[in-house]
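As structure tokens, one chain now follows by itself in the form predicted on its own.
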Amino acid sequence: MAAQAAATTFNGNLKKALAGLRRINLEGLRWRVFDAKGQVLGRLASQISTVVQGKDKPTYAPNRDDGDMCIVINAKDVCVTGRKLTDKVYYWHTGYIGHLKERTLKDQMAKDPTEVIRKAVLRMLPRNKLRDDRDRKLRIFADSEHPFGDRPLEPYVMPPRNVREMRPRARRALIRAQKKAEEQEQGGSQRKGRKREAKTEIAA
């Protein structure tokens, strides 16, 4: 009943969201929820790939699929750094001569943002027999709605991002600019003081 209620409240493609669940042995698996809102694409994908492979468990083995179920929500609100929205391009070939297709990240986000995260995660996984099974454990949704509300969900807390300090060259340039601005302010105040003194002398 709970599963039916969760499914009825979900407005997306239910058949696609539940596809392949029967082929997964869900016994003992955790349901981890990743909120992609405001997260950087590559950093989010690296954390998802770690959980999907089961590398965060002490029982990890490269020949065994012990990864947890990963539910990614708010895929449309994922962020990228730099100019990747226009510079990053996805290529694929139809098989016909000269039919090399391409699509920028911006166009792909407008068409299907879930595919952006899926490609980023799958390209971080090893190319072996376990790749398809790990792909089935990855469920990505563009909005915050998903049909797994009846499962014991665990929100995944992203590790804090260590922002690199300013490079020495840039720091020196900033210090020089600040000193120059201070000198200009002091020079301007000194000039104003001299002008006032001259005016008082003339008036006297």
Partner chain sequence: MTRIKRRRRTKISLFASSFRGAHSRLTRTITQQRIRALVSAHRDRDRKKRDFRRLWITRINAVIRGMGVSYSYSRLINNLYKKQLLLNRKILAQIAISNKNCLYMISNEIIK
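Positions refer to the first chain, counted from 1. Since this is a predicted model, take the numbers as computed values, not measurements.
This next part talks about the form predicted in complex with its partner chain, which is not shown.
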Which of these residues, P168, P160, G28, P152, gets a heavy atom within 4.5 Å of its partner chain in the predicted bound form? P160
The unique member of R43, K57, R176, K37 whose heavy atoms fall within 4.5 Å of its partner chain in the predicted bound form: K57
Contact stretch among 131 to 139, 144 to 152, 168 to 176, 48 to 56 - heavy atom within 4.5 Å of its partner chain in the predicted bound form: 48 to 56
